[in-house]
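Presented below, as structure tokens, is a lone chain in the form predicted alone.
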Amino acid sequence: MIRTNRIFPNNQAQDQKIAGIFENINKDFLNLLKNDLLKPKPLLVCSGGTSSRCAAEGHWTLDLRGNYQKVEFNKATQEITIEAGVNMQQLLEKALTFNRSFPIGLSGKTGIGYILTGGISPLSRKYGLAIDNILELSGVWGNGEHFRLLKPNNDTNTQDKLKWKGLCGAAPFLAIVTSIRLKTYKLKPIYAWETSLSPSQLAEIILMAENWSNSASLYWVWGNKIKVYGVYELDNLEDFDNYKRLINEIPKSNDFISYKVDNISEIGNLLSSNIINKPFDTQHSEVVGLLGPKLNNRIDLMIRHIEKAIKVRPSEYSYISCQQLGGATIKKGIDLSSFIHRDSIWKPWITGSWNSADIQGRESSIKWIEESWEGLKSFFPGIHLAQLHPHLNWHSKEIKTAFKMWLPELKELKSNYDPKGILPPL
């Protein structure tokens, strides 16, 4: 079925004059892929609709949200299988029914693109990236051929290992994933806190967080003010004393609050709703995500760079945020994914925003993102491709930075499985 009406959560995608929408991967659709009849390229894929590139001017979108909604939990293995139209909130709700959890990110609205591009959660320090928890992948390569892959083991052949590595972290360039089987975890108590801090206090808590246990993680957003959040998952009731000790040690302001939540979804909803007071009906935005190791004695210098960037941002709705990695994200999946920056402890992202009708505002915001990126790259030299930007002039730069020495092999995979460039370019 082809249609032109659509509703995407991302305003920039929603406002595009698209060619149309496919809703099924059927014989007719596969014929378009195999015979290179889909123009213009690339095809854009929507699973959650939160990305600015789930739709674009004059392009076709494959919208998986309507017909790929199956979600099943296996009681025997405690694994969950989702189709590509299931968002992270739906995944978690199914797992919670069986007293299980999964490390979703800061928003439950995202689709499987969250998982396939890496998947960084407030719980990642304990359970690894979302891609580290994939057990099986099914879908269609860019050449129109179907695939089903199991997580590699010692008996897996080299080519299947390479395909798995490509799909876990770079799937949007190679294939349309239609189903994923995932590991889940026992549901445990979660506590959270939030407060406003000064730049010097932010520097202090970043240094502290670099030495926290894997049960704790930090997140902050710097816009009109600096808002800082912490998440702590308890392994047992005795662990609450460790949480109280952490709370007593951290810097805080008069607006400090601490609370218990039932699951990670509640944390994500609180964080995402409090990030910025933006008039979502008029604003467009772009985001670039960086990655970097421990900051140690360079924290104060990094803070000064961000302070300088915030002072010259062209819109009050532009901001810089940062999420903590480390722990299990360093140890898991080193040779099994395209997320190569396993030494990363921090993922800051730079969000530039502008009024949808303001062309000059867009140019100023894009320039601000690039200049802020340039100022921070010595601290955060890696890139996390949670968002794709083939329409922007920094696309080639971010691709090279995201994949580095792995890029030639990734390009070879693309030449084999998406030879006509149906999907976004590398």
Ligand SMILES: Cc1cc2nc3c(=O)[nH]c(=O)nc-3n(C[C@H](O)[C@H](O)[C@H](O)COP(=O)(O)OP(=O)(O)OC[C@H]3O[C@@H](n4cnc5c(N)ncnc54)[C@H](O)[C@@H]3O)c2cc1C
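These figures come from a predicted structure and were not determined experimentally. The first residue of the sequence shown is number 1, and the count goes up from there.
One more form of this protein exists, namely the form predicted together with this ligand; it is left out here, but the text below deals with it.
In the predicted complex, this ligand sits within 4.5 Å of a heavy atom belonging to Q387. The shortest heavy atom separation between C46 and this ligand in the predicted complex is within 4.5 Å. Interface residue remark: T117 is counted as part of the site for this ligand in the predicted complex, having a heavy atom within 4.5 Å. Although the partner is absent here, Q323 is a contact residue: one of its heavy atoms lies within 4.5 angstroms of this ligand in the predicted complex. Here the chain stands alone, but in the predicted complex its contact with this ligand, taken as any heavy atom within 4.5 Å, falls in 49 to 57 among 49 to 57, 367 to 375, 28 to 36, 396 to 404. Checking G292, G327, G169, G105 against this ligand in the predicted complex, a heavy atom within 4.5 Å turns up for just one residue: G105. Checking S337, T195, S101, T110 against this ligand in the predicted complex, a heavy atom within 4.5 Å turns up for just one residue: T110. Although this ligand is not shown here, in the predicted complex the stretch 155 to 191 places heavy atoms of A171, P172, A175, I176, V177 within 4.5 Å of it, in sequence order.
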